[in-house]
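Form predicted alone, single chain, as structure tokens, below.
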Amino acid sequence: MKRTFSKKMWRETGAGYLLMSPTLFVLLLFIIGPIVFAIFLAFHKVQLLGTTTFEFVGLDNFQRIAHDTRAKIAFWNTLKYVVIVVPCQTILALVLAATLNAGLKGQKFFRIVYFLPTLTSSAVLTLIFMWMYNENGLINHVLKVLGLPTYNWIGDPDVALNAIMIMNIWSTAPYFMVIYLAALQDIPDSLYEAAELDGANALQKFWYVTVPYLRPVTSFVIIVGLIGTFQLFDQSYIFSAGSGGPNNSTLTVVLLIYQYAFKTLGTMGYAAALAVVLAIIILIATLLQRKFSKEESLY
């Protein structure tokens, strides 16, 4: 009887892995394989032109990061971008969701309007904003009408990264707004009724009922936001035509990885080392966020 059960178990297990084999093959080929290969490249000096060679250099590629001025600038720009964009897009998404959930007239129309930026291609959105950011563009025209100072949004090193931040906050907040909106509709009305009986006003109900109840969702939004903002590439690439300018002000880590991997000969291994370091930073940031959030206790 035991032998029959064992054969049945192996047969079911084999059938299960057979059904999963297409997915496992895709994961191995396009996710696990590239990760392992990138780690391998990070410890080698790679020559791709002519005869492909891999020269083991140990930790030299990682030590080079500490002495690379452009790498330091890229990491600083990326960190500044993450620290500003993630909180702003999270707060804006929550405010928009709470506004739409308040039962205002025409809320379905505003849901569609707010969500439209998310449906627009990132490249197209960046080109539209570049037109708006032009020195004679829409934004400067509005600022001039209001009597406010105008800026060289694309060409000024002190302003260029801020321009990308504004664009991304505006375009990504609606996606997180939809997530918050779904979570808001799951909050029991009895919680608000109890708070109202205790004399809480609208602001107090939002702060002491809505915000704590949405903490697990906020944790998810922040983690997704961290991963996305650390990987900023396309907007920076289009804004600066791939240079990270003006004066490296829009240079991000992913853009720098691209430059070293595909524009500079013999630095593929160094680019892989930068990618590994960035992946470790994202992992640490995600783990720290999960540790400091009290999501588990709410469940």
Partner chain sequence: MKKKIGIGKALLYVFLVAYAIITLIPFLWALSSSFKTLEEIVSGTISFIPKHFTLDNYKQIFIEQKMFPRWLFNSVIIAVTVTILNLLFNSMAGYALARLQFPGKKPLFIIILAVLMIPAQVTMIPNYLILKQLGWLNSYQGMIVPTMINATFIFMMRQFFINFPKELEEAAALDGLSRLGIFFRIVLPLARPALAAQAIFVFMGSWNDFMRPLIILSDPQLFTLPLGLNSFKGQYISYWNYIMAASMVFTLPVLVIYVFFNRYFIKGISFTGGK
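Positions refer to the first chain, counted from 1. Take the two forms, find the largest set of C-alpha atoms that superpose within 1.5 Å, and that set is the rigid core. Note that the structure is a prediction, hence the values are computed from the model and not measured.
The following text describes the form predicted in complex with its partner chain, which does not appear among the structures shown.
### Query
Exactly one stretch in 203-211, 156-164, 182-190, 69-77 has heavy atoms within 4.5 Å of its partner chain in the predicted bound form; which is it?
It is the stretch 182-190.
### Query
Given that its partner chain is left out here, which of Cys88, Met132, Val82, Ile222 has a heavy atom within 4.5 Å of it in the predicted bound form?
In short, Met132.
### Query
So, in the predicted bound form, is Leu24 in contact with its partner chain at a 4.5 angstroms heavy atom limit?
Yes, Leu24 sits close enough to its partner chain in the predicted bound form that at least one of its heavy atoms falls within 4.5 Å.
### Message
So, His141 and its partner chain: in the predicted bound form, are they within 4.5 Å at any heavy atom pair?
### Response
Yes, His141 is a contact residue.
#### Entry: Residue contact check: Tyr151 to its partner chain in the predicted bound form, 4.5 Å heavy atom
Tyr151 lies outside the contact set for its partner chain.
### Message
My question is simply whether Ile284 lines the interface with its partner chain in the predicted bound form - judged by any non-hydrogen atom within 4.5 Å.
### Response
Judged by the heavy-atom cut-off of 4.5 Å, Ile284 is well away from its partner chain in the predicted bound form.
### Task
Within 4.5 Å of its partner chain in the predicted bound form, which residues of 249-279 have a heavy atom? Give them in sequence order, or say none.
Result: Val254, Ile257, Tyr258, Ala261, Phe262, Met268, Ala271, Ala272, Ala275, Leu278, Ala279.
### Query
Comparing between this form and the one not shown on the rigid core: C-alpha of Leu18 shifted by 2 Å or more?
Leu18 C-alpha, core-superposed: shift of 2 Å or more.
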